[in-house]
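Below sits a lone chain in structure tokens, taken as the form predicted alone.
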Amino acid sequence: MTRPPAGQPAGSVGRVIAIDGPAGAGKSTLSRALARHLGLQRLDTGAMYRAVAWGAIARGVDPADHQAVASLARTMSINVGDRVTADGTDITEAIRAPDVNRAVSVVAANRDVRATMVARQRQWVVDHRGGVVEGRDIGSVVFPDADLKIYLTASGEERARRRSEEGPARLARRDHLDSTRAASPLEVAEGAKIIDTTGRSSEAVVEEVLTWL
């Protein structure tokens, strides 16, 4: 069983499945399916960073302004579930807009923003007594003791096809920013099981993962 965050009582965290990987690798599809199969809640941590990026843009704050964006992240009320809300506003569709796509990797590279979001992600798991959590640093930083750590990948061509609204060049730029940032870069966590989803159906991927549980 995953260890609780510092300061939390033993036994306060249930089963945690950590799913990491680049954009378009299939994290959301897998996390939804596993959550249904296991009767767990699901958390898309990328939506949290997108919410902060949206908040900065909506307020006219430069996403690259480290201190201003960090302050915004600390004060925003963000709820991620079937719908995503920020300070009571439904932003589920808004966080997928092109301007957010362009800003989110810069916001996610902000060390202070990440510290705030990681604390919230760990608390979310305590509050929900476990969960299926997807992102880019879940197995490596947020829950290094997760019960199962998965790293999804796929060819650049496949991921670009799945994320056609972003385009190959922008997707490559996000990959570079996410994997080279100083704060919690995208990487394969120690002990993670790697799955290449290129050319595979979502059902086949889910079936393989379920054999590990």
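Being a predicted model, the structure only gives us computed values, none of them experimental. Residues carry their position along the shown sequence, with the first being 1.
The same protein also exists as the form predicted together with a small molecule; that form is not shown, yet it is the one meant from here on.
For this session: Counting non-hydrogen atoms within 4.5 angstroms of the small molecule in the predicted bound form, say which of Arg96, Arg120, His128, Arg74 makes the cut.
Result: The residue from Arg96, Arg120, His128, Arg74 that makes the contact is Arg96.
For this session: Report the stretch among 150 to 158, 43 to 51, 29 to 37, 60 to 68 that approaches the small molecule in the predicted bound form to within 4.5 Å, counting heavy atoms only.
Result: Stretch with heavy atoms near the partner: 43 to 51.
Problem set entry | Contact of Val132 with the small molecule in the predicted bound form (heavy atom, 4.5 Å) | Although the small molecule is absent here, Val132 would stay clear of it in the predicted bound form, with no heavy atoms inside 4.5 Å.
For this session: Mark Arg163 yes when one of its heavy atoms lies within 4.5 Å of a heavy atom of the small molecule in the predicted bound form, and no otherwise.
Result: Heavy-atom contact with the small molecule at 4.5 Å: present for Arg163.
For this session: May I ask you to check whether Thr116 falls inside a 4.5 Å heavy atom distance of the small molecule in the predicted bound form?
Result: Residue-level check for Thr116: no, no contact with the small molecule.
For this session: May I ask you to check whether Ala192 falls inside a 4.5 Å heavy atom distance of the small molecule in the predicted bound form?
Result: Contact with the small molecule, no.
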